[in-house]
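This document contains two forms of one protein chain, each encoded as structure tokens and listed individually as structure 1 and structure 2.
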Structure 1
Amino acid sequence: MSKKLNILMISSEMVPFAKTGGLADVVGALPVHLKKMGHDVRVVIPNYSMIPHADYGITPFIDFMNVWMGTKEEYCRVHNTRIKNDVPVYLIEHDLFFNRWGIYHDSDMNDYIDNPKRFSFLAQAGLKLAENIDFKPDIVHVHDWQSALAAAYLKIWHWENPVLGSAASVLTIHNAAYRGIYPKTFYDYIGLGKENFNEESLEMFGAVDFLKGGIFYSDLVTTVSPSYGEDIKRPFNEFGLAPNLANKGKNFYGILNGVDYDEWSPEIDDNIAANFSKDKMLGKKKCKADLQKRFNLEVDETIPVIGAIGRFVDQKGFQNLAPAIRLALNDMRIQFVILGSGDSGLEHFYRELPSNCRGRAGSYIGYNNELSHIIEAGCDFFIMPSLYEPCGLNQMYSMKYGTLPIVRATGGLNDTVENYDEASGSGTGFKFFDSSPQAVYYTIGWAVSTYYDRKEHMKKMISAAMSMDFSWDKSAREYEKAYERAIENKMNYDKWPR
């Protein structure tokens, strides 16, 4: 094993405490696996008021901690608990900032206007806590715009600090669409010095850009899949970070997220009607019948069922799926189930779909973890028509459950699914490239014709898909390498004359 590292993670989300997306899953799982590899990992998150302390064994830890921001001193308290593998988690209590209805926005979906204060404070408080408990990090690992500025604070404020001064920083971008761009009026509070407010680092056309600043000051930047890394580095892409990421050279690349197979394995999943495995597939038939019953579909094992799960936001492409699936349900002998919520127009469409296609379509509008397992296990195909996808988890779950993914070839979907080859029958799913309803429709047709006409190929692909290994152990080893490289970069940086 390589050298044992002290790793401080600062994040705005973490499973099981607070989650809005994949960021929370990564911060919940990665530290556990790094700890298993022998590293000392500590995680800092906000003490949001919705986190039930009693459920997670959270207890008071530090009664009073002061944190200097640019224009004032903030006071907070710290709580702590431990998760799997004894990883310590510290929760920063600052009622004015974190005692609210939501994580980033109110119940009307309006972003909290003081988000730049809340999260620059979190970044500084995370570093201050390390100092207070005398935890000398080799690595400070930050996630998305919310904690990105810790990398800037390290280089601008703490470079001579005996505890923090030698720490290298790694920033992971989970979704480049969320930049954290805020009016310059917040800059004094953030407190990173006028001389550092420029287009190269923290400024974006006169505003403060958290993610851009994080990219500039980090010793290494990662994102959650190699293809997404290439996408957001490509000149003139829609995220606007191409020059900044390209400037990082070899110090920006993608590491695929892992899957928590304790949660997502058909052999042990207790949410589903019957367990099954690659060599004992009988249970999958039971799961399919159970799914068909639950969604009022005709119970018939010969009809292929296509499933979809996700947030109804533009990114996920459900607006392209809607006309395609309507047509496919007319033209093909298939069934369709969907679980999700979000855009009200799409909610309406998918809610109404079953009444227009009785016995052939089912939907559940809302969030339901148990149903998501039931869909993964019971379907034959799982469709993800995303316009972009930093990593995506459902396609990896699908493969484990022998449910072949039909995906748009973008980001993590492109990296994890191997396209079907009609000549040899190899592959783990079906890919399309165009982001249009037509592409979705024709690829559904391709998958369905394979189901009916090339049964041997289906068997081969299902077996190949179920054998794929996207475990966290593999990803954690790649993060370990990234940390080592960041440390080297930091040592070289320290040698520069200033």
Structure 2
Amino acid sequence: MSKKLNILMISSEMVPFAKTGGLADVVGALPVHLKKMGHDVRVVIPNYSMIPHADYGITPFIDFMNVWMGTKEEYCRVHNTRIKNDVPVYLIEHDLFFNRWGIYHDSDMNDYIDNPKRFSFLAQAGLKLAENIDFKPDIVHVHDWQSALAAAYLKIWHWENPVLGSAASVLTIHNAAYRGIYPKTFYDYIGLGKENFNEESLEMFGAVDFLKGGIFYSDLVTTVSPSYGEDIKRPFNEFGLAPNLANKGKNFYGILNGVDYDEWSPEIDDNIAANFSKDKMLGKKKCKADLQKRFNLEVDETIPVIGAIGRFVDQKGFQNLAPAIRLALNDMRIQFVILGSGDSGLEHFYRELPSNCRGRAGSYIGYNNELSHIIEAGCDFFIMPSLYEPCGLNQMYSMKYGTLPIVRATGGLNDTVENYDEASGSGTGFKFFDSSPQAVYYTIGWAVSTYYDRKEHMKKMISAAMSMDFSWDKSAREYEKAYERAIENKMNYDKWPR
């Protein structure tokens, strides 16, 4: 694409400011690479109370901005800062909505009941900010249900707006399991008109469906891996969006997430005990010893270490890993480390595992960015037993660090990991297909037997894995093509009813 674009991104999460999952990583990395390619990218996120302004150079920008919603006018402030490549980030301050404990839910994991107000306001505020700073976007790129309604506001409210009227919209679905379905009582506040509350667009069994509405009104929809795109488009799948996505035709497809190798590369990572590369692997042995010491494991380079990082929710499959890893620790000469949090029962299991398997298991309940790097660098294997996985990033991080992934063959995990072939020694990891503790256990056994009995195959696989290139450059070029198609789609629309 020769034309340089003005791109407005609106998101509920962004690294390094606020993160619960891969959405934040994408929104933190993609704008940087698009800017490097010459595009003018601006990002809008909420000003959550947990974001330390001083740490990120965040300063006041607009002292007063009014945002009209369906039933009332909201008032907010705007702060700003810049990230790598001089990308501007704007933070919307509205204390009633964003000055609270968590991003989506309270400390007991209960969703905030006013989430539909909070995030429809975010969508409108992002568009209003573009007007206020006279930033005329060619593309408004929104992410998941939390900002999806910006696509609807563009079509319904802003068709003739001199700043926003020509903007095309792209919606990226990071996880279709979270649709943002809320009672109809919030619809007047959202303000998209009773004539637009119907089964085709925003209505779902009498409730408001944010993601469904975003799909309907967006000029183009993407998701974060080709296989996941096929999964959620498959008839009668568990996500319930197949008809809506099928209606998009060629205007829905998957673009694989990239990896930010400025942060995730063993050659330059300053979080790990020693740097290393595919051709100079000595540092990885030092990283393994450091990991074993930190987690009170027996320091022995001959014992394979299996790592896991993630949220303890059903999607991630840690309920299947728990019985499998306990059995594997008893039956095999291995070590295991895990970092994560979520379900209280699983937190208890993994917290107690080190005391039940002294010197062979370690755990950290919570999130720690430095430890996540240390685990990736020090382990021999990294396990991801996900029931479904839109893209997944840790398997790609792992390969760069010479840590072979053990994954369930679903979504992006299936797209990015080449299964081990015992005949040739080719592959970049180990796949299983059933979602069960037995499948997890036997695939761990397959990986461990390869570690002990087929060392030349291990070396070959590690070299192949570390040679893989999942950089954002390729993904960003695919988004350029998506933007170009979205702009063409917008130009070909007849005027939408208002």
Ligand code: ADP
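Structure 1 provides the reference sequence; residues are numbered from 1 along it. Rigid core here is just the name for the largest C-alpha set that superposes within 1.5 Å across the two forms. All values derive from a computational prediction rather than experimental measurement.
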Number assigned to the form predicted in complex with the named molecule in this pair: 1
Interdomain rotation between the two structures (smaller rigid part versus larger, whole °): 9
After superposing on the core, C-alpha shift for residue 292 between the two structures in angstrom: 2.7
